[in-house]
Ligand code: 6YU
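So this first bit is one chain, no partners, the form predicted on its own, shown in structure tokens.
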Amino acid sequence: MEGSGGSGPRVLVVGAGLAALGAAQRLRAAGHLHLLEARARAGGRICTRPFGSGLAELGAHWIHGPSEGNPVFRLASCYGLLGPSAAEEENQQVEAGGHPLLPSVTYGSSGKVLSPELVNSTRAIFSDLLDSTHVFLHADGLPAPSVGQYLRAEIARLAPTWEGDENTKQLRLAILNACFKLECCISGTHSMDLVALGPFREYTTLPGLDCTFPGGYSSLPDRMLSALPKGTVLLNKPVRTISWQGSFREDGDMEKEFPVRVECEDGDSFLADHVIVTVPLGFLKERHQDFFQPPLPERKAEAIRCLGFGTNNKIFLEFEQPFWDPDYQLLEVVWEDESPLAEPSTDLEANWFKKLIGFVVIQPPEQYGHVLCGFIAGKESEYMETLSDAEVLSTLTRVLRTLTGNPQLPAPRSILRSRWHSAPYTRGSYSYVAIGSSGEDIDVLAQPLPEDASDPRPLQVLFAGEATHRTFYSTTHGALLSGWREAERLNDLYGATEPPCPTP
């Protein structure tokens, strides 16, 4: 495999995120290979930035389920990018169910720490209800179209049976409402009412205690990039149009015909036998109609329309001194007057910050300084992107003073945040299976073009990225596997069967 020359087919990859780099890593059939990346950096939705005295992950944060079944974990281990605890056998066997297990404290909006017993017993109710959704996978009749509607109906049924006075019951509802917000962050959606109930449990969680990269998540794509021949990845090269089913020739070579031409926004164009498209679903939703010529088949366009793609942003705050107890790694937030059984506020300007689930304490402080990372999803998260750093910092200072009951709490000294919705080549964070869609739409999105298997020029346009993996959508490991999958499709087509390199 070479960046610019060699015998064999010409392959272009649109993007240079984990799916694209995974495809390049495994692609043995290509003679010419180029990755066209719109931004000035590789890595896609993996984005590590300096902050405080260390690093901040603006995109992917944890390896979810770091165990032998996770290719990102295996590759990172192979490259020596993980800390010693990630390799411990017992950590690889923990069933976290997709939720990072962190010692936590829960602040109520009245300025007091809430009873851990009440918080934990309420979270157990929510967890049990979430677990009960697995019975609806492939079921004929559903009690509700969405996860949110099902959970709320169950909560309404259970609430009258709870013990305690009215205040305790209201507090339990408020904690459950906070659980919904956390689930929105995990699912990358504005509301669990948008997430389809039937296919919800098709998403598969892997065992393992979620871990981070000591040198930053970007150390993984950086390492993969360094293994590619110089010149393979072209940065600042946004693609305008992918023309397929064509007969394109290069000037001066009338012999060879190519079915694919990729035109970039700077006027450059590239001819290829195959193109692997790894752009995010959010970009496809906005641009697919003018991005492909001829347009995508209706079935694929419909899958793009129906699948969900939401925003989950992070807000990093650096403090001179910590106000939190060093034993806690997660500061959770509960607005005590809220309930999942009440209509949520639609006044984003007044209430956007209430969608924050709380703050993860970035560890260890000796390496990173005193840094909190807040998580916020949905329309509120998108509204937050429109505000200035000063407005966000001022609002969150007020929120933290309210939660801690300390009106003198010093303001953070610096702020850094992600803006995935306004990023033009991303338009959000990751995919979910929305009402009106199913896992079959993910498979349709992953299908190469042309659809006709008897076409003499097969696999002209291939699709990879987290939104094309039926059971690991929304994850880095889903993205990596999808890139490997499409590389193997081309390897199989050309009979390139020698073992892949590197092998995790």
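Residues carry their position along the shown sequence, with the first being 1. Since the model is a prediction, treat every value here as computed from it, not as a measurement.
Same protein, other form: the form predicted in complex with this ligand, not shown, and the subject of what follows.
Interface residue among 29, 38, 446, 459 relative to this ligand in the model of the complex, by the heavy atom within 4.5 Å criterion: 38. Remark: of stretches 448 to 456, 48 to 56, 29 to 37, 435 to 443, the one touching this ligand in the model of the complex is 29 to 37 (heavy atom within 4.5 Å). This ligand is not shown here, and in the model of the complex it never comes within 4.5 Å of any heavy atom of residue 470.
Contact annotation: residue 312 falls within 4.5 Å of this ligand in the model of the complex, judged by heavy atom distances. In the model of the complex, residue 23 stays away from this ligand, with no heavy atom inside 4.5 Å. Using a 4.5 angstroms limit between non-hydrogen atoms, residue 430 touches this ligand in the model of the complex. With respect to this ligand in the model of the complex, the three residues 16, 291 and 479 uniformly fall within 4.5 angstroms at the level of their nearest heavy atom. Residue 375 is the sole member of 362 to 393 found to place a heavy atom within 4.5 Å of this ligand in the model of the complex.
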